[in-house]
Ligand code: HEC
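The chain below stands alone, shown as structure tokens; this is the form predicted on its own.
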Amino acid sequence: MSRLAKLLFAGVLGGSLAATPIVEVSAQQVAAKSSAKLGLGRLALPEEVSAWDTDVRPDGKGLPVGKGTVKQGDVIFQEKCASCHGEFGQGVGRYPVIAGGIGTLKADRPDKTVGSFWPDASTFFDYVKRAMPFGNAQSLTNDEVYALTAYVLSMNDIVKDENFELNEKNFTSIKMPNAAAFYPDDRETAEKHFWKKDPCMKDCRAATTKVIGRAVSVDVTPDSKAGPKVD
């Protein structure tokens, strides 16, 4: 296209745009129009959104209505969880230990369990509801998840009574032993004195490098031979 033709085209286009009124449309209208044009997809229904929106926050937001006791959780745990995590939460093979370890976090080999390390009970509830049991995720009812959470809290001596009932109303009253050891990310203030205004951008390698520590392999994911058979 010649330069003159381009200028004429731009003038016509500019004039037509200037004469076209601006109409606001919603995101739903855009999505619906796009779907109709392409013949693909549709807007998610409210019940479909809620089926995925299952996250639970430490302040209790997102908790479903439900209830379960420690005693009920014991029965469910032995049936659906003990084959991987052990009858008392001690772990089987390379599956994670979920009970015990209180007071070990300063040791060379700390035991990071639900009771010794996790700051919020909601983390356990959220994970179990979304991902457990292994091989049959999201098969548990809300009442079963409450009961399992209560039982694991009991195994870690966070609740004492086997008749204790956990529900959406008393959930946030649970205080985890290691909660005070967690704090918001404050690097912008606590580590600001380490920042350099003019960082090194060339030949920055130190003259000598010394290894002062090594990571320890955790191996928490069993292979096909070590893992239990799932029906």
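Each residue number is its position in the shown sequence, starting from 1. Predicted, not measured: the structure shown is a model, and the values here were computed from it.
The form predicted in complex with heme C (HEC) exists for this protein as well; it is not shown, and the discussion that follows is about that form.
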* Asked: Looking at the partner-bound form in the model of the complex, is Pro133 within 4.5 Å of heme C (HEC) by any heavy atom?
  -> yes
* Is there any non-hydrogen atom of Ser83 lying within 4.5 Å of heme C (HEC) in the model of the complex? -> yes
* Asked: Heavy atoms within 4.5 Å of heme C (HEC) in the model of the complex: does Leu140 have any?
  -> yes
* Asked: Taking heavy atoms only, is Val114 within 4.5 angstroms of heme C (HEC) in the model of the complex?
  -> yes
* Within 4.5 Å of heme C (HEC) in the model of the complex: residues from 115 to 153 (heavy atom criterion) -> Trp118, Phe124, Tyr127, Val128, Met132, Pro133, Phe134, Leu140, Leu148
